[in-house]
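The data below hold one chain only, encoded as structure tokens and taken in the form predicted on its own.
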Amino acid sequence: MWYFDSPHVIFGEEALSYLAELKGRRAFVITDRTIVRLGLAQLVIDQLTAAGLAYTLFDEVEPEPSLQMIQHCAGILEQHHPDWIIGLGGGSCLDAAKAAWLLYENPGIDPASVNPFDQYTLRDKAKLIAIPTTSGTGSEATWYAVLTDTVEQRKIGIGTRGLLPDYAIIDPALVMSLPPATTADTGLDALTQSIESYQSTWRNDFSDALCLHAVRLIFTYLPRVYAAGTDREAREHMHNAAAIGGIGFGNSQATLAHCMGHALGVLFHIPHGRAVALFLPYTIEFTVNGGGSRYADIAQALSLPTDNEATGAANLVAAIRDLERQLRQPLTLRELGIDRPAFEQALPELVARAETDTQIATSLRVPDSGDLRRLFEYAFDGKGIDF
């Protein structure tokens, strides 16, 4: 027996106007100062005002939300007692909203102890709405959140099915002004999640269909929206693709590129999408060398030559690297600006962090520490994976 989870999705032009239909007393908007400065928070506030809801605006979310900030936010939630919590922003803001909501409903809980196998109180006090302002993380459609413990300098992943947002509002108006670099980073995050989730050992018929379609949409529309950010059709399809891939990812799981990308991001402060996408071609080559992969399916969906699994995978890798070049993304760790001494010093910690990342368990081919070390080394120089 398995489960398929999805928020209630409101999408398309003027999707944000759904907020004007909310019933209740008070909403609590969790976002960051950049979203406020860009005027996007005001668009939400206007709709809440039209609904007759009082509101509180919390704009202290950091780029990598800290455990300490989440605990602070939960304390403020307890003071205002909202019945709607609204996460507004990129993945950091949406993860922060999920985590603060969990602590608001379960005072005193240790976030590091949260796992998919235990039950937690949720929706007794409030419901959660997720409104993404980037097209990539898919956090609006998953029941996971990633926090940073700034005291112990480590990432904390929390996940439980109840943490899935009740509503996801996918309005393309909120991403029309995304700069090219952010468009590329977040779009490649969506691509990596969709490809990896199709290969995950937790994959299923429901997630497969979503992941394949998300991959097709991203390859079609990400280059367009990167080249012309005001291309409304491309923006809308990319915004939808991120949510579609997020639902697939949330019901399947990412794999090895995410393990390695998480480690790199923590130690070298690389944007998440850029980090995981850099490792994706290398991990595809590593996985197909072990046999039993399904990259030919993805290549076929993209109309790439697929005589066999190895050919399909090789052509998929080439297509990914061509896309990354179009988006001016680095293909090696050296191109990221990491020098050899810094890399070699960090290598043991990179391996250790990747080896203990939860996403490694769902990889089709699970590397040992020696394999991981070689994968990082090959990715530094851009060597093809031959093991």
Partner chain sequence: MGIKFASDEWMKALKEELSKSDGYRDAAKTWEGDFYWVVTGMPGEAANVHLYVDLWHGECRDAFRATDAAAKTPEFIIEATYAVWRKVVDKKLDPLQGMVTRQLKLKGNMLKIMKAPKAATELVLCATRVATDWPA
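All values derive from a computational prediction rather than experimental measurement. Residue numbers count along the first chain shown, from 1.
Omitted here: the form predicted in complex with its partner chain. The next part is about that form.
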Work out which of the listed stretches, 242 to 250, 107 to 115, 79 to 87, 227 to 235, brings a heavy atom within 4.5 angstroms of its partner chain in the predicted bound form. 107 to 115
Is there a heavy atom of residue 71 no more than 4.5 Å from a heavy atom of its partner chain in the predicted bound form? no
With the partner left out here, check for me: in the predicted bound form, does some heavy atom of residue 355 sit within 4.5 Å of its partner chain? yes
Does residue 369 reach its partner chain in the predicted bound form if we count a contact as any heavy atom within 4.5 Å? yes
So in the predicted bound form, does residue 201 come within 4.5 Å of its partner chain, heavy atom to heavy atom? yes
Identify which of 318, 50, 361, 54 has a heavy atom within 4.5 Å of its partner chain in the predicted bound form; exactly one of them does. 361
Could you list which residues of 1 to 38 come within 4.5 Å of its partner chain in the predicted bound form, counting heavy atoms only? 1, 2, 3
